[in-house]
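There is one chain below, alone, in structure tokens, taken in the form predicted on its own.
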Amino acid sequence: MIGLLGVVAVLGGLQDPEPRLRARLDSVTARTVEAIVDSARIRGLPTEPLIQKALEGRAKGAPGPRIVAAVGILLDGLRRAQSALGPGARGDDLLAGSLWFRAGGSPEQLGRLRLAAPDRSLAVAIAVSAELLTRGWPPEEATELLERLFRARVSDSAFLALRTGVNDAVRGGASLVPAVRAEVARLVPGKGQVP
């Protein structure tokens, strides 16, 4: 999370204050969040998710310090994702990477996924997988099976179908991990089971 001194250090260098923040947040919170957004911009990170996180906090009635903390945590996740995926990573991949970390995945695992699919967006696959991680899919198994799916060139729509299939199976009484394995096996026959 960005430290208070880091925020103060960039306050004076803000180039383009964000009017949505100034209109919705108190002045101290708005300036602090603007500093975080500016820090992200300087690092080549997407800024809109940070702004949306602050506005979401405001809409939920969160106090200023809590909004700043949530935006700082998201910035940290985006930075970690950029480190794992490389400086040229797309903004949606970085945002999905931050979800991966919040769900319990590691930077090393995220880097492995980038190596398995160097020329495609990872956003949909990682977002779907992060959702499943939060529900109990072990991160190491998820990484191994995602590597297989990427190598098999499974499409984004197939990842969305995987999520739907898992949700249907769980609603029908199946346990999560066996349901995920069955859906992966359906997408990549003979490759879905963990060795």
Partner chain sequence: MIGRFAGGVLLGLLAATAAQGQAPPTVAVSSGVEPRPWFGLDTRLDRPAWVAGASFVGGPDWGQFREATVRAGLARERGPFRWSIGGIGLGSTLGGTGGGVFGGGRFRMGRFEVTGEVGQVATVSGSWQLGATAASADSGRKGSARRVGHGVLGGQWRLGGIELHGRLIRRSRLAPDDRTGWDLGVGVVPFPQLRVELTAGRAPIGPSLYLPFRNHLTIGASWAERRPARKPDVAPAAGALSAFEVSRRRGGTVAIVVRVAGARQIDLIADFTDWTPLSLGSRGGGVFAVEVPLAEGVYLVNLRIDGGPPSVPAGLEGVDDGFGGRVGVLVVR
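Positions refer to the first chain, counted from 1. This is a predicted model, so every value here is computed, not measured.
Only in words, not in the display: the form predicted together with its partner chain, which the text now covers.
Proximity of residue 60 to its partner chain in the model of the complex: non-hydrogen atoms within 4.5 Å are present. At the 4.5 Å threshold, heavy atoms of residue 22 stay clear of its partner chain in the model of the complex, well away from it.
Contact check for residue 124: a heavy atom falls within 4.5 Å of its partner chain in the model of the complex.
In the model of the complex, its partner chain sits within 4.5 Å of a heavy atom of residue 99.
Highlighted residues 92, 95 and 160: every one comes within 4.5 Å of its partner chain in the model of the complex, counting any heavy atom. Proximity to its partner chain in the model of the complex, defined as a heavy atom within 4.5 Å, singles out one entry of 31, 41, 148, 66, which is 66.
For the stretch 132-156, the set of residues having any non-hydrogen atom within 4.5 angstroms of its partner chain in the model of the complex comprises 134, 135, 156, in sequence order.
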